[in-house]
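Next comes just one chain, in structure tokens: the form predicted alone.
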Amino acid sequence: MNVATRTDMTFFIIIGQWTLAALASIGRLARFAGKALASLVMPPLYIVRILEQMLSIGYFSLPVVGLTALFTGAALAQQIYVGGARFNAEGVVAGVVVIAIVRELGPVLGGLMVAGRVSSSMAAELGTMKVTEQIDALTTLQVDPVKYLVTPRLIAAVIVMPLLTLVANVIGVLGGYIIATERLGFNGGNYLKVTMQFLKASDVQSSMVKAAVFGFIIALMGCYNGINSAGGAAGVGKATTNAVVSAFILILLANLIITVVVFGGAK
């Protein structure tokens, strides 16, 4: 076997190892997700834990989501006005802002901000419980760790993310309204009239579906990486990083799939 052939074989071996490792990771995540989904329909249901997680995920995420939406809506209105002025189409600001915020920027930016805050928190908390053997203690006490720790977080995230997205949409449109009326010279009544004319039920439906899916991804990745962490403090830190990065990537991928496949024909 010559050097060139040996190099080619090494390349394919590396690709094969990466592929097998990726498939194994996907399989472990799928099994974890399946177990978590199955636990949703099995008693008991820890209502107090769900309410605690709704408060933690939803209420305490309002400031960062609201500020992100406000600044994004304001900047978006300014940029659309500048771009539209090149074609004498400044009047499209209100319509484009509401469509962009409701269909894309509201749910996506809200999901990313919540993922950065919540996925990391979940991974750190559950990772610490794992390395300090608190999860093993739950098993010893005949308490299912997935049912007690993961299920309430999944339910809470799926419930509160659409609510957070509704708030983000309203605040984002408000940010565009403030810039348009205070800086760009738009009439407030006309701006709101155009906004309502352009907004459709399918836009809101798309936003809510995305938000619910993003909530599931955020909680799933935080819990999965936390429960599967190992190696002490360094392992917890690695799990936290992996939770945020994987949640970001899956949110963007899910957004593309939902936009193109599910709502691709909506007008």
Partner chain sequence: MTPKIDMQDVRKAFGTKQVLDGVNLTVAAGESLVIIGGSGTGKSVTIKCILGLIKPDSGEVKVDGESLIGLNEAGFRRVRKNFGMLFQGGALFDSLPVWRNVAFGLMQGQGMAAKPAREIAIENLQRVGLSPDVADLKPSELSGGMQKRVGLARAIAARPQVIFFDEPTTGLDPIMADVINELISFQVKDLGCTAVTITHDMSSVRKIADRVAMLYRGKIVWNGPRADIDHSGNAYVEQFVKGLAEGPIQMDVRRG
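Here the structure is a predicted model, which is why all the values come from computation and not from measurement. Residue numbers count along the first chain shown, from 1.
This protein has a second form, the form predicted together with its partner chain, left out of what is shown; the following refers to that one.
- The closest non-hydrogen atom of Tyr46 lies within 4.5 Å of its partner chain in the model of the complex.
- Proximity of Tyr148 to its partner chain in the model of the complex falls within the 4.5 Å heavy atom cutoff.
- Among residues of the shown chain, Met129 is one whose heavy atoms approach its partner chain to within 4.5 Å in the model of the complex.
- The shortest heavy atom separation between Ala137 and its partner chain in the model of the complex is within 4.5 Å.
- Heavy atoms within 4.5 Å of its partner chain in the model of the complex are found in exactly one of 105 to 113, 129 to 137, 186 to 194, 172 to 180, that being 129 to 137.
- Out of the listed residues Ile159, Ala75, Val143, Val92, Val143 is the one that sits within 4.5 Å of its partner chain in the model of the complex by at least one heavy atom.
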